[in-house]
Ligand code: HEC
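Below you'll find only one chain, the form predicted alone, shown as C-alpha cells.
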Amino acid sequence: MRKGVQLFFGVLTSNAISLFGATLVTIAALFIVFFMLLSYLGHVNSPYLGILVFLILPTFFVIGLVLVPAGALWRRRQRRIHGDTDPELAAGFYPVLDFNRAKTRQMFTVVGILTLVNLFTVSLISYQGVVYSESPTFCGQVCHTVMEPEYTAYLNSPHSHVACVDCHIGPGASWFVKAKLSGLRQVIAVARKSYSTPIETPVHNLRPSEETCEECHWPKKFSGDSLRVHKHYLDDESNTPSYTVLLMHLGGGRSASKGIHSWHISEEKDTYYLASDEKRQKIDVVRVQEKGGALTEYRMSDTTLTGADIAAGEFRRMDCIDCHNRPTHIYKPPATLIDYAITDGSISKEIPFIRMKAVEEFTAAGNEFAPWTQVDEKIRAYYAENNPEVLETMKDKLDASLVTLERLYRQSVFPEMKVKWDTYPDNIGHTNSIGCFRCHDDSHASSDGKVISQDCNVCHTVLAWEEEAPEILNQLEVPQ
C-alpha cells in the first residue's frame, strides 16, 4: 500500500496540471470543512455562506478532481510524443491495467479508495447543496433586495414554518427541474438588474393547489359556519373599540351545508374563467361545466371582449389560489395592523388619538415611500403642539408605541422594490381589494338571464356591524 501511495503522489508531482488539480481539491475541501464547522458552531450566520460552501467551493473541488487524471493523461501523451522508452507506452496512449503486476494493484487500490472518498464527499455536498437551495434562507435572503418584501411577509405569515418550496414547487422531479430552470432565469435577471419593481404577480406557472396546498389542507372537510369577530378602534380621543361580527358560511365539499366552498370546490361542477388583465382582477367571462355535461357561460355586462376574443381566450380552471392568492405573503393595511397592535397592547390605547394619528401618518408616509423618521417626527410634533402632557406623563408608552409602529412600517413599506401594503391585491373577501366582486357583482349574466349573485348572505351573515358593545357577543359569551 505504501508503494501505491508513493506511486500515486509520484503521478501527481510529475506534471503541473495534476499538481494544480490536487492542490485545488485539497484547498477546497479544507475550506468546505472549515466553513461548515463555523456554521455548525454558530460563529457565522450568513445566507451567502451556503452559496460559498455548497455551490462555489464544490465547483472548484470537482474541477480539481478532473484536472488530476487529465494532467496524468497529458503527461503520458507528452512522454509518448517525445519517445519515452517506457514499455508501457508501446501499447498505446492509455495505460495497460495488468493486475498481475504488484505496481498496478497497489496503484489501483489507492486510486479506488480516494475515488470512493471523493464520490462520498461530492454526493454529500451535492445533497446539502440541494437542501440549502430549497431552504427559505436561500429563497428569501440571497437575493435580498428583490425578495425582501415577500420574505418579510412570509416570516410574519401563518405559513412561516412551511418551506417556500413546499408551495412553489411541491413534490416530484419534473417540477423541481422546472423550478431550477426558472431560478436560473431569475438569477440572470438579478445579476443584470432587469427584474421589475415591484415583482409582477400572479405567478402564471404556479403549480395547482391540489398538488401543493392540499397536501395539508383538505377542502372536502371544509364545512359548517365559523364565527369571526373583527375588533377595530375609532378615531376618537379614547380610541374606543368597535366590533364587527360575522357568521361565515364556509360550506363544504361533501357536506350538506351551503356556503363559500360549496360552489367553488363542488365535485359536481368545474368553474373556468377568462380574465382580460394580467393580474386577473377583471374577469370578463365565467364558465360552469356541470358533470352531467351542461355548460353555462356568464359574461360581464360591460365586457369589451368580442366573441372571437372569448373563443380564442385562455380559460383558467378556478383554483384555491384564485381566491386565497396571498396565503403566505400577506400585507395588511395600516388601520388593520394598528388595530391589532392596540389590541395586543404593543401600542398603548391610553394615548389620546393614537389610533387616528398612527393610521394617518403611517398611510401618508407609506404612499410616498418616505423613511420611517417622517412618521416618528410628525406624531411627536402633533403631541408637542396639541397635547404636550403626553410627552411628559406618557413618554415611555409613546416611545414603546412608536417602536412597534416602526416595526409595522418596515414590514409594510419597501421603497427599493416600490412595494407597500396595497401593491398586491388580496382576493379573500372584498374589504381591501375587489376580491369576491370580480365575479359576484350581479353583472355577470348568462344568455338565459341567470346572474352570479352578490347576495351577502350567501357567504356570511352580519351579526353586528361596527358596534361598540354588540349584544351578540354577550349572548355567545365571547370576551370583549
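The structure displayed is predicted, hence computed values, not measured ones. Note that residue numbering begins at 1 and tracks the sequence as displayed.
Below: the form predicted together with this ligand, not depicted.
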Legend entry - Every residue of 318, 326 and 437 near this ligand in the predicted complex, heavy atom within 4.5 Å: yes
Inset, instruction - Have a look at 177-185, 261-269, 365-373, 403-411 and name the one stretch with heavy atoms inside 4.5 Å of this ligand in the predicted complex. - result: 261-269
Inset, instruction - May I ask you to check whether residue 343 falls inside a 4.5 Å heavy atom distance of this ligand in the predicted complex? - result: no
Inset, instruction - Look up in the predicted complex whether residue 298 has a non-hydrogen atom within 4.5 angstroms of this ligand, and give yes or no. - result: yes
Legend entry - Contact of residue 199 with this ligand in the predicted complex (heavy atom, 4.5 Å): yes
Inset, instruction - Could you confirm whether residue 150 comes within 4.5 Å of this ligand in the predicted complex, counting heavy atoms only? - result: yes
Inset, instruction - Heavy atom within 4.5 Å of this ligand in the predicted complex: which of 292, 172, 158, 112 fits that? Just give me the one. - result: 158
Inset, instruction - Tell me, out of 379, 164, 398, 142, which residue has a non-hydrogen atom within 4.5 angstroms of this ligand in the predicted complex. - result: 164
Inset, instruction - Go through 449-466 residue by residue and record those having a heavy atom within 4.5 Å of this ligand in the predicted complex; state none if no residue qualifies. - result: 450, 451, 452, 453, 454, 455, 456, 458, 459, 460, 462, 465
